[in-house]
Ligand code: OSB
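Read the single chain below, which is given as structure tokens and is the form predicted alone.
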Amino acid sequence: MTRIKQIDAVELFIARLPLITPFETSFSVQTVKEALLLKIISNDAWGWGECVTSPDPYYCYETNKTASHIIQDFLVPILSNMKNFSVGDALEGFERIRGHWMAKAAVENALLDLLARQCRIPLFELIGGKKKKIMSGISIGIEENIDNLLKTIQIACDKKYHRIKIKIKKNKDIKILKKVRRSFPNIKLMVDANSDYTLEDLHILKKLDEFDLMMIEQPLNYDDIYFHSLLQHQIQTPICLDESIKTLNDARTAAELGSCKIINIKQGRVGGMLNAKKIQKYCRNSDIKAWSGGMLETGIGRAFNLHLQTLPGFVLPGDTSETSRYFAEDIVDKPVILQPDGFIKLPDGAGIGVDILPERFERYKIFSKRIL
């Protein structure tokens, strides 16, 4: 992989984009996306990264504030002292900082985008992927009105999405699924519990086997691997781990214990594209299916997720749905658009293939700071 001569400047931004409709999970309701963005400049080239943190610590302990702190006070100082280095060199330098995978991913993403732009090649080529159309799935938040949920699913089916994911939580699960399956008996359907259940809810989780689901995502505690193994051995529905998998070692542990049959690899959660590549390679060799999840990213983060899915281990539709599903307008020049066959085209061009629209970015930007 090519090398970076030196870092000349680093800038941090926060853009605040309103969501078209509120997005509810078992732990929060989001009405806006506050995206922490990073721009790294070297000579005449630049690269963008998006941190998948939120203002709150409900998904995990990392937040926009903690990530800004780690990037500004620890990661960028390491980069500023490096000359003629590779992205691998940078990640090795970051190893002394424990955790903070989302902050590390944002910096790594920006470095990879920078390198690919310098080389005038698309990002997927830099990471060893192969150009292809990307399967698209849709993630639907918890709906108070079941009729609205059914209408949303019908719209998704009409748009040819390759699978439907609906969020569930206690008391908003079995009755809803019965109505969904009655209306849509043949769709590829999965559910995401975002850690709302325990093994004491086994009688409920066993009932999920009735609905021919592709998977149930993260039913138990957000950092658990062991108890998921006990659950997987008692239900037929494949378990997909999400929040629990932060490292390659987590994936290995889950595979050894039989904790899951599927892993949701969010590159922004596992420390970036290169760590995600290692995990997908392991999953491919261990007969574990993998797919790429999303975190309501802007067009910057969505572009990285699309390029990631050019790697061979991603065999299930991801969460990269079209931009218009969430935002009235994006801050990049190439929003994600669903093709008539339900696939998404990779953006053309060097790096991630998308660029910031300056005037629109200014409209949504609420914070900016040059940190180097």
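For clarity, every value in this text was computed on a predicted model and none was experimentally measured. Residue numbers here begin at 1 and follow the sequence given.
Only in words, not in the display: the form predicted in complex with the ligand, which the text now covers.
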Answer among 221 to 229, 149 to 157, 260 to 268, 107 to 115 for heavy atoms within 4.5 Å of the ligand in the model of the complex: the stretch 260 to 268
In the model of the complex, does residue 199 come within 4.5 Å of the ligand, counting heavy atoms only?
no
Heavy atoms within 4.5 Å of the ligand in the model of the complex: does residue 61 have any?
no
With the cut-off set at 4.5 Å between non-hydrogen atoms, does residue 326 touch the ligand in the model of the complex?
yes
4.5 Å heavy atom contact, residue 173 to the ligand in the model of the complex
no
What is the one choice in 237, 139, 280, 244 with a heavy atom within 4.5 Å of the ligand in the model of the complex?
139
Though the ligand is not shown, can you say which of 274, 295, 121, 189 has a heavy atom within 4.5 Å of it in the model of the complex?
295
Members of 162 to 182 lying within 4.5 angstroms of the ligand, judged by heavy atom, in the model of the complex
165, 167
